[in-house]
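Given as structure tokens, the chain that follows is alone and in the form predicted on its own.
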Amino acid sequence: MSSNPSRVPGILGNTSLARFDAVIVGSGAGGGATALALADAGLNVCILEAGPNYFLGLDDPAPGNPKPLFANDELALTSRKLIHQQTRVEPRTFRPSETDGERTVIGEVNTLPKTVGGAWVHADMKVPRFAPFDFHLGTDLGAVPGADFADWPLDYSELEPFYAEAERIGGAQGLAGADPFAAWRSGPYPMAPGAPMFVSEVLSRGARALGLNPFPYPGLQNSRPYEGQPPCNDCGLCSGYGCPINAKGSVNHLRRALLSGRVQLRSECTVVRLVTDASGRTVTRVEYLDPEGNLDGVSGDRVFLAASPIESARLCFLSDPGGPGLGNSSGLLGRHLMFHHQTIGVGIYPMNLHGERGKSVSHGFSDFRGVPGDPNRPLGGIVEFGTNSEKITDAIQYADLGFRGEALKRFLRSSPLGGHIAVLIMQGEDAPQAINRIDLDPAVRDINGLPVPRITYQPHAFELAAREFYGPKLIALHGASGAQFGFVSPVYEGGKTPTGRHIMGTSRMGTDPGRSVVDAHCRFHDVGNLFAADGAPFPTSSGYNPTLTIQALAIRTARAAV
């Protein structure tokens, strides 16, 4: 079934739909994958998205659509935060622990873009799969003091077909077998890897000299024309930017869902409450503020939360004012919040590394992920090869140093700061801790008068030990690659706001309702028609980028909910 493009402002897809089998909160990676799986099963779906739409023709089947309203514009995307949450009016608060008072920070705390397509729009689309052992770390590691590692209620083999489906629809490029530590696959990647970045060639030589195994990083940037989309032109501005030519797989699931004729997407609609029946065990209505700020609502037989782990948990708390939170009989809602504890090794090189050309990251290695229970090699994470591509940011640095006119132009041409920097980013496993959580701030409210999410977080010795172990090895790799200087940055020992944007946990999945929030198919134990479809169900964070796993898990959840 196909549909004609909507002519109704603020609504995409089939505008004639009035009754829905499912309502999805959020249109990002998890929400889009959920919508397509439900539509394929014959269900009518309403998606509520808090952000605006920057994809013209997203629901138009005509060739060449959608046409993104993005450009390689550092000022718009980086400085003015075009698609980001505006923290002056929608802040978050932070404290390292409950003993630090009600908050130590108000403002920017791990926010993600608010836009149709979600955070996936600004990502550079890295899609490694989790390893098989990631699904049973509770058993493999045993008791870790102060942490709460737990097995997932499914294993890799159960998720593998959904990984393959997410890769196919998103348009993944990669090289099966190139990473000796990668999980087994049922088939090849849809596309071969694209051109390597120059910085990746430099770092790969150093990595191989140290006995490491660099490989093309799996990603959802087209290396050739794919499903009507153009190939990536390696423009350099990928991470943090929407793609001007739509060569990313950011909205592939969402577009297919909208073209099915079974999906309606309402943008700039901020969900504020889930209304339940008298028993509290069934969601009967999803209330939201429309683009004019008026309260409205929509009903569906099933409701899926895909607003990100922080916002999804916040919504459950907002839906039970004065109570423990919707679906929180376990007391674990909002807890076990995890970010990847990134260790960043910076190298300064004599040659220009030309970060302005490429995909932000084209290569990496998994040797530092480690082996569970190995006392000589702690669990770290996959390592990305990157560099700097933002020339306006580079120019601002030189201007701040006092350079003007012809001198500034010479510095921009040679780029002695940004152009000569390479970074090695390890996505370190973040130990789940019940003390790391989100709740509602008792005093700070957003522009809509709603309590903002308060984040309580401090790192565990588990990830700090991995950082201490692998940080020097990152610097050694820079040395083997020809760097003149190197350092590990930033140093984070706690007390500061975590900067990682890989947000997981807050609605842990499991089979025991007393020790988890959702079941093995991400249905809330306490609310029979409410499901989690983002990174919130993750019991552990792995050491790999999480978004492909979010999509695979969301597809599996949607199929089980039909």
Partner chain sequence: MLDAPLRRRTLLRIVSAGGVIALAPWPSGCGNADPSGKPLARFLTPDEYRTLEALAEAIVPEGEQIGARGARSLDFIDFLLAAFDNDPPAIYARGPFSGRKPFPAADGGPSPDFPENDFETYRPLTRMQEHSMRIDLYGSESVSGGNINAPLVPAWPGLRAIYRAAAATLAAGAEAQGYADLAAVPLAERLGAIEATSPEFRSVFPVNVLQGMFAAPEYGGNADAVAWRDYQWGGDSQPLGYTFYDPATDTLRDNPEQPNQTLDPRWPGRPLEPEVEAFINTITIVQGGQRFF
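Residue numbers count along the first chain shown, from 1. What we label the rigid core is the largest C-alpha set whose atoms superpose within 1.5 Å from one form to the other. All values reported here derive from a predicted model rather than from experimental measurement.
The protein also exists as the form predicted in complex with its partner chain; that form is not presented, and the subsequent description refers to it.
Novice: Taking Ser16, Asn44 and Arg515 as the candidate spot, are all three within 4.5 angstroms of its partner chain in the predicted bound form by heavy atoms?
Specialist: No, the whole trio is out of contact, none within 4.5 Å by any heavy atom.
Novice: Residues in which of 122 to 130, 454 to 462, 154 to 162, 471 to 479 have heavy atoms within 4.5 Å of its partner chain in the predicted bound form?
Specialist: Only one stretch passes the 4.5 Å heavy-atom test: 471 to 479.
Novice: Exactly one of Phe215, Phe198, Phe149, Tyr189 has a non-hydrogen atom within 4.5 Å of its partner chain in the predicted bound form; which residue is it?
Specialist: Of Phe215, Phe198, Phe149, Tyr189, the residue with a heavy atom within 4.5 Å of its partner chain in the predicted bound form is Phe198.
Novice: Heavy atom within 4.5 Å of its partner chain in the predicted bound form: which of Gly405, Gly142, Pro321, Pro375 fits that? Just give me the one.
Specialist: By the 4.5 Å criterion, the partner-contacting residue is Gly405.
Novice: With a cut-off of 4.5 Å between heavy atoms, is Pro52 one of the residues that contacts its partner chain in the predicted bound form?
Specialist: Flag for Pro52 set to yes.
Novice: Using the partner position in the predicted bound form, report whether Ser312 sits within 4.5 Å of its partner chain, counting heavy atoms only.
Specialist: The answer is no: Ser312 has no heavy atom within 4.5 Å of its partner chain.
Novice: Even though its partner chain is not shown here, does Arg285 get within 4.5 Å of it in the predicted bound form, heavy atoms only?
Specialist: Judged by the heavy-atom cut-off of 4.5 Å, Arg285 is well away from its partner chain in the predicted bound form.
Novice: Answer for Gln427 alone: is it within 4.5 Å of its partner chain in the predicted bound form, judged on heavy atom distances?
Specialist: Gln427 lies outside the contact set for its partner chain.
Novice: Heavy atoms within 4.5 Å of its partner chain in the predicted bound form is the criterion; list the residues of 210 to 233 that meet it.
Specialist: Residues within 4.5 Å: Ser223, Arg224, Pro225, Pro231, Cys232, Asn233.
Novice: Please determine whether the C-alpha atom of Ser157 is displaced by 2 Å or more between this form and the one not shown following superposition on the rigid core.
Specialist: Superposed on the core, Ser157 moves its C-alpha less than 2 Å between this form and the one not shown.
Novice: Using the core for the fit, does the CA position of Asp320 change by 2 Å or more between this form and the one not shown?
Specialist: After core superposition, the C-alpha of Asp320 moves less than 2 Å between this form and the one not shown.
Novice: How does the C-alpha distance between Glu406 and Cys235 change in the predicted bound form compared with the present structure, closer or farther, given a change of 3 angstroms or more?
Specialist: They are farther apart; the C-alpha distance rises by 3 Å or more in the predicted bound form.
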